[in-house]
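Only one chain is included here, represented as structure tokens and corresponding to the form predicted on its own.
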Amino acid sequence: MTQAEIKLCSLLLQEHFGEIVEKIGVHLIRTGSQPLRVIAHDTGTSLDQVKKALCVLVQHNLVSYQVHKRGVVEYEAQCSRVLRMLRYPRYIYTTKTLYSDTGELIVEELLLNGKLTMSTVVKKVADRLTETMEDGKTMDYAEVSNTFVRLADTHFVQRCPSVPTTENSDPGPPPPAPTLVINEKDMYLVPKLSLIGKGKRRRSSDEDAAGEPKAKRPKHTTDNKEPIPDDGIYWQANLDRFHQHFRDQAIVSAVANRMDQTSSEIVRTMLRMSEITTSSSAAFTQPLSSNEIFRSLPVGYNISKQVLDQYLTLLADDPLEFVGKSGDSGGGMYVINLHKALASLATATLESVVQERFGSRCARIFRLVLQKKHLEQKQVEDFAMIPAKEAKDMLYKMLSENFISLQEIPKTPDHAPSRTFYLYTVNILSAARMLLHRCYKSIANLIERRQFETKENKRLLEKSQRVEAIIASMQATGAEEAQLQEIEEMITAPERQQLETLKRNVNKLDASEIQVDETIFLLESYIECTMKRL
């Protein structure tokens, strides 16, 4: 765990949950697993506050716990899960593009609350969608429920581990902490609920027809509530499935850039056919015959079987080896080499960074060393056709920044420089790790800059919010245009200009965060996939 990652985790926890949760979370990241009283003692926080903070962190899967033999419960921070909070906007936007506004709000509710039952999610989402609709229109629970089922079928949401029923019926003393289990068969099994009803608007439900305030109504109705049919079955967003989707999108985009749209559509079809059957950590997809691929092509994509076979052969013969041939049955069996694809994407990212930081000549040398694996300085100068002095400067510059490394091969045991070969090489894994570390630093700087910008203009932002609230309430009561104009003029022209500048700057910083996170995702995926193969 590097200092850059700890700092980024600290910023994310503070931004999402506040200072106390951030204090406990960062302490656990730094120290590893610890019991409750030790955490309270080391952080100087009251036991009650530590319990509440741990509840929040456990609810959002940011902290896990385990019971030791002596019955002591220890809590451990999941740093990689904390860093996933950077990607929340991307998860939500992806669901919106795939499953429209209903899917977007379902995933948003699950990410905001950590874990929720299906019935609670459906009711919350239906209410939120009803709020945005025109008067007289409402969102049906059944429609939201159908979208939830589709998300579960495609594994974008999954059940949380729960306490087994046998543990509850045990007559002995209760364990210090419950043991949570999940059957893999039930992970995406949606409970059969008959949710009948429509979303409600907040304003209409505050008072009944007689005008009696909600607070003064008798509370006897709450005691006779029926038990919730899915009580105890909690759901969460399946982040690994989202990562699989992002990886597939990156591969399809890379194929489209390298070849053409038809090739990318064939690769997209292959990935879609194997998205449920292939695990997120697999190096290859399941083998698919060309006949199966032909039958699964999108409707309206008019290419003949012969043309498809030609495209598949082209893809299999491509030097990048994104697609490989694994057999000849069924017109030819094809797989997508996910590890090779991720390695190519990571290499392209490194090349792009070298070009932006050091210029096109350095990028030429970097690509040359990548291609030839090991080169002496004289060979680099000759192959790259760059003068000796410039080539030496460029090599040392990249060497000092850890983009390339130097390997010594001695002729004699004494390692005398005159009798030693010095070869330049690119270790993609270590270069990717170094770049990932820099990306974490960049994101932390972007978050700090955004917080500084908003803090500097805090008074102006509060004034703008007050004016907007007054205008909204006046419009609701049917105020005249002249009155609204008068309220709007409370913000002067220079203040309005300052607000526009702030908005533009914050939008730029937000966009930069998302772009850097895309690079982080590619590098993390490549490192994880490579480490599993070693």
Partner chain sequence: MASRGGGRGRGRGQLTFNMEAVGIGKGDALPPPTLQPSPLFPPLEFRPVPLPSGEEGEYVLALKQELRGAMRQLPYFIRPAVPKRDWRRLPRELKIRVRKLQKERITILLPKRPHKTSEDKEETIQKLETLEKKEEEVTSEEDEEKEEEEEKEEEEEEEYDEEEHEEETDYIMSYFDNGEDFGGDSDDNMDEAIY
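Numbering follows the first chain given and starts at 1. Since this is a predicted model, take the numbers as computed values, not measurements.
Just so you know, the form predicted together with its partner chain exists too; it's not on screen, but the next bit is about it.
S.K.: Indicate whether residue 56 is a 4.5 Å heavy atom neighbour of its partner chain in the model of the complex.
M.R.: It does: once its partner chain is placed as it appears in the model of the complex, residue 56 has a heavy atom within 4.5 Å of it.
S.K.: Any chance residue 92 has a heavy atom within 4.5 Å of its partner chain in the model of the complex?
M.R.: Heavy-atom contact with its partner chain at 4.5 Å: present for residue 92.
S.K.: So, residue 36 and its partner chain: in the model of the complex, are they within 4.5 Å at any heavy atom pair?
M.R.: Yes.
S.K.: Is it the case that residue 496, even though its partner is missing from this view, gets within 4.5 Å of its partner chain in the model of the complex, heavy atoms only?
M.R.: No.
S.K.: If contact means a heavy atom within 4.5 Å, which one of 267-275, 332-340, 84-92, 313-321 is the stretch that engages its partner chain in the model of the complex?
M.R.: Careful reading of the contacts points to 84-92.
S.K.: Which residue, 477, 485, 492, 507, is the contact with its partner chain in the model of the complex, using a 4.5 Å heavy atom cutoff?
M.R.: Exactly one residue meets the criterion: 507.
S.K.: Looking at 231, 135, 414, 408, which is the one with a non-hydrogen atom within 4.5 Å of its partner chain in the model of the complex?
M.R.: Exactly one listed residue reaches within 4.5 Å, namely 231.
S.K.: Pick out the residues of 1-22 whose heavy atoms come within 4.5 Å of its partner chain in the model of the complex.
M.R.: Contacts from 1-22: 14, 15, 16, 17, 18, 19, 20, 21.
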